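Shown next as structure tokens: one chain only, the form predicted on its own.
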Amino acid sequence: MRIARWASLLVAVALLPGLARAETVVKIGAALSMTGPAAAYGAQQKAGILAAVEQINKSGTLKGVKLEAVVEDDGSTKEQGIAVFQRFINKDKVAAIIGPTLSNTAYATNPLAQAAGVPVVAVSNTAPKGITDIGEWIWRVSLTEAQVIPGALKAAQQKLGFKSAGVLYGNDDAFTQGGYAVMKSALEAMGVKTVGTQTFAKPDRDYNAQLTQLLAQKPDILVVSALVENASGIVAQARQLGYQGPILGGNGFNSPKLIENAGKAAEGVLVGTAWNKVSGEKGNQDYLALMKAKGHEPDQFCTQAYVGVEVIAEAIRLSGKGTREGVKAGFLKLKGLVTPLGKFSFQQNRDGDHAPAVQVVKDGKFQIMQ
């Protein structure tokens, strides 16, 4: 009789919701620039990743699987990024890695993941060459400068009719160098005359000499490839020198820090962007409502990081496996995923594919150029 009662009790316990099978924890490593020149981007990326992990876990989309984000500071440097990747690969045993924040760092870190067979999702590496070329384990959500800048320049020219440009770019970073190459090629293809080209380095804070030389040539537009800390100073100093014409930047300009640091000088600045914030599509509206409820104002970097988690979760769902191999197998099947960036797919070369847009700073905010 006692044995029968125990047997009945065990059956009842086994049938209780949530106790029949323990959840599998799948770790996602996030190597983000929480310090250093790219810290403004890293803070937004962390917010996006944590929000996405929480939302996916709450949704129950991945039955029996719980995502866990392991966030580490890559320091905006190759050396620290390498140490973080090694920890993710060998100690934390993550199923996938998001990051690092900068393309410059990615060139050093991603070969480690490629060699170890760990999927990497680049959410802000927009250097046009060399990221996904590292190998079959490297994927990219962020649109490259080559996918964003030419369209932004064409849209801006249609609106403003500029015929000449002064170009300024950072010569010590893979992202800014790559952005410059795309800008140069796009301007040539459009028949826009480059009246002068100047360079700077990330530690620089005084750009008056370069700007003075460029402005002396009376360009119709300034085209700049820079990270946000440099971009803010360039914009502010150009206005201080009396330049009131248009300024167009690439992905590095896409941070609220540009407006915060440059103030009123940022008004009218044009930026090629991977995210149409005012899109009425459900994926974007749901995301904005979620971030608003958290009291967070997202930018492109926050949004792309959020989508980085979404594509990993979708890959796990499609493959049915929360392993490194499962994530990679799921990526191969992923197509038309509804995200805040729009319907997202991977191209054959593992770069992201969705529609870009053009923003303008108006009334102290990024707004889509009409």
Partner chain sequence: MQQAVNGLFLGSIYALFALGYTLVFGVLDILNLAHAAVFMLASFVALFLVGRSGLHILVAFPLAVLFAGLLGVVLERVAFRPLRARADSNISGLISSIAMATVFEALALWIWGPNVSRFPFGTIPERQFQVAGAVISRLQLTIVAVAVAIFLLLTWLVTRTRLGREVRAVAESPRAARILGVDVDRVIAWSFFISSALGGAAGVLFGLAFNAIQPDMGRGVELKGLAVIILGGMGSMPGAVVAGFALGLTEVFVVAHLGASWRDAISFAGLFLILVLRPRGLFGAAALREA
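Computed from a predicted structure; not experimentally measured. Numbering follows the first chain given and starts at 1.
Just so you know, the form predicted together with its partner chain exists too; it's not on screen, but the next bit is about it.
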Original post:
Out of the stretches listed (191 to 199, 269 to 277, 136 to 144, 294 to 302), which one is close to its partner chain in the model of the complex, meaning heavy atoms within 4.5 Å?
Top reply: 191 to 199
Original post:
Do Gly151 and its partner chain come within 4.5 Å of each other in the model of the complex, heavy atoms counted?
Top reply: no
**OP:** Evaluate Gly263 for contact with its partner chain in the model of the complex, applying a 4.5 angstroms cut-off between non-hydrogen atoms, and reply yes or no.
**Re:** yes
Original post:
Do Gln237 and its partner chain share at least one heavy atom pair within 4.5 Å in the model of the complex?
Top reply: yes
**OP:** Spell out, yes or no, whether the shortest heavy atom distance between Ala40 and its partner chain in the model of the complex is within 4.5 Å.
**Re:** yes
Subject >> Among the candidates Gln285, Gln114, Ser185, Asn171, the residue which, in the model of the complex, approaches its partner chain to within 4.5 Å (heavy atoms) >> reply: Asn171
Original post:
Of Thr35, Thr323, Asn57, Ser345, which one comes within 4.5 Å of its partner chain in the model of the complex, counting heavy atoms only?
Top reply: Thr35
Original post:
Along 196 to 217, which positions have a non-hydrogen atom within 4.5 Å of its partner chain in the model of the complex?
Top reply: Gln198, Thr199, Phe200, Asp204, Arg205, Asp206, Asn208, Ala209, Gln210, Thr212, Gln213
